[in-house]
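Presented as structure tokens, the chain that follows is alone, the form predicted alone.
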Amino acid sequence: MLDRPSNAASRTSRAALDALAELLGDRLALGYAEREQHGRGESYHAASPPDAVCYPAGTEDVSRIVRVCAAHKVAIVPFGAGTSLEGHVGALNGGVCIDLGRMTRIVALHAEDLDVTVEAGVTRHQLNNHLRETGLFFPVDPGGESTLGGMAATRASGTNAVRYGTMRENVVSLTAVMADGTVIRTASRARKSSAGYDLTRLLVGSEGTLGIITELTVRLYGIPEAQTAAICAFPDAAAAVATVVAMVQCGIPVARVELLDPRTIQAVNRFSGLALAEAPTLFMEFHGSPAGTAEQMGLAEELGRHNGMLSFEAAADADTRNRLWRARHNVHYAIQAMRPNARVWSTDVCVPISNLPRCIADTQADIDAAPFFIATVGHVGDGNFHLGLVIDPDSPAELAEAEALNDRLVRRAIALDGTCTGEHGVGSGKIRFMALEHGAALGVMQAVKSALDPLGIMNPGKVLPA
């Protein structure tokens, strides 16, 4: 018999742990340090450790684990790389964490069809390294070294979404384990189908509350012949956003366009050793032929000049371009480094791009009045922007102020026909906004949840209010 771990929220019986130990052997972990590591993401949310951590080797292992948990009514929390930002991986009701990080096989590459099937634990860097000699790449780029399974579960996107789309557009098919242990495949690899309900889109973004994604087929793209980046500084954020809106409305096919406010530039300069002017700045990238990217960049520069752009600097060579994007991807850590021993409350909203200038402008007053450091970063090409609130998680006053600021931001975005989260997902952190955003549609979501997970064991306390 195994000793049951100490956890006040535990719902994992001794019998369940014994059954899992028999199934997994040394791939079942009960030590506190390992459980605590699996109970937190990269955000301000306090850790909620599971009672045990399971390490499956493949889909059949996941199915067997889920069958044991269902038989004993044990809560299940899927885990990828732990890079989530809204409390997705906290075991709020105790239970079992299923860590898919060891499931890293590239199952099948179909280069002629521009797709690849991988296990859920494959990361985007691992996939693109595997594809390096094929002339293909996977473009969805949320910044962190996230697993593709986790990216699908949270409907992630990132810097390339304005041109290549989010995980919603780039997942072709899924293999998933449902709440009773049944293994399903949601679709074939056909580029289109009119057969039945779209279970792929149902599971993409479901955050482990309906099923556990174990394999996925994703779209690939040809590596562009030319890639050119540019850095443009502006007198204020309104001018920068106006330039992006004009670019989108003019149909300039920019691959990436990111807005960093002066505080973010300050943090990036310090953390990544850059020397950029501390002004609202756009990082842009263009993909295509040499002539095409030159034309796109010229048009973007012209629109920027029209909006009072202060400077425009191109970066065509790969080393400079990669250094810039590494600095952008390290923004979370750069912001956190501005205040030692603090945590970043990272939030995001998304609005129709025509409403983006107003949303950012109205939010600036809150930023200016806040008693702690706040940085603004935006995937502004699709109306999505983030605030990084650098707070002392042990300060009730700062937590209350951050929560109030976040609440105002979300309500402002929803009032502008936007959403409470453009890419971070709901988790437990934004669950209270679901009724405000979805109204009566929330009841339909709850009916789907009840039908597919009648025991309520799949990542409980996430996405939907109880």
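When you see a residue number, it is the position in the sequence shown, counting from 1. All figures in this text were calculated on a predicted structure; none of them were measured in a lab.
If you look for the form predicted in complex with a small molecule, you will not find it shown, but the lines that follow are about it.
In the predicted complex, the small molecule sits beyond 4.5 Å of every heavy atom of Pro224.
Heavy atoms of Arg256 never reach within 4.5 Å of the small molecule in the predicted complex, leaving it off the interface. Taking non-hydrogen atoms only, Arg321 never approaches the small molecule to within 4.5 angstroms in the predicted complex.
Interface membership of His424, defined by any non-hydrogen atom within 4.5 Å of the small molecule in the predicted complex, is confirmed. Between the options Leu260, Ala240, Val89, Leu356, the residue in contact with the small molecule in the predicted complex by a heavy atom within 4.5 angstroms is Val89. Put simply, of Val77, Leu282, Val344, Val74 only one has a heavy atom within 4.5 Å of the small molecule in the predicted complex, and it is Val77. Partner proximity in the predicted complex, defined as non-hydrogen atoms within 4.5 angstroms of the small molecule, places exactly one of 390-398, 231-239, 154-162, 184-192 at the interface: 154-162.
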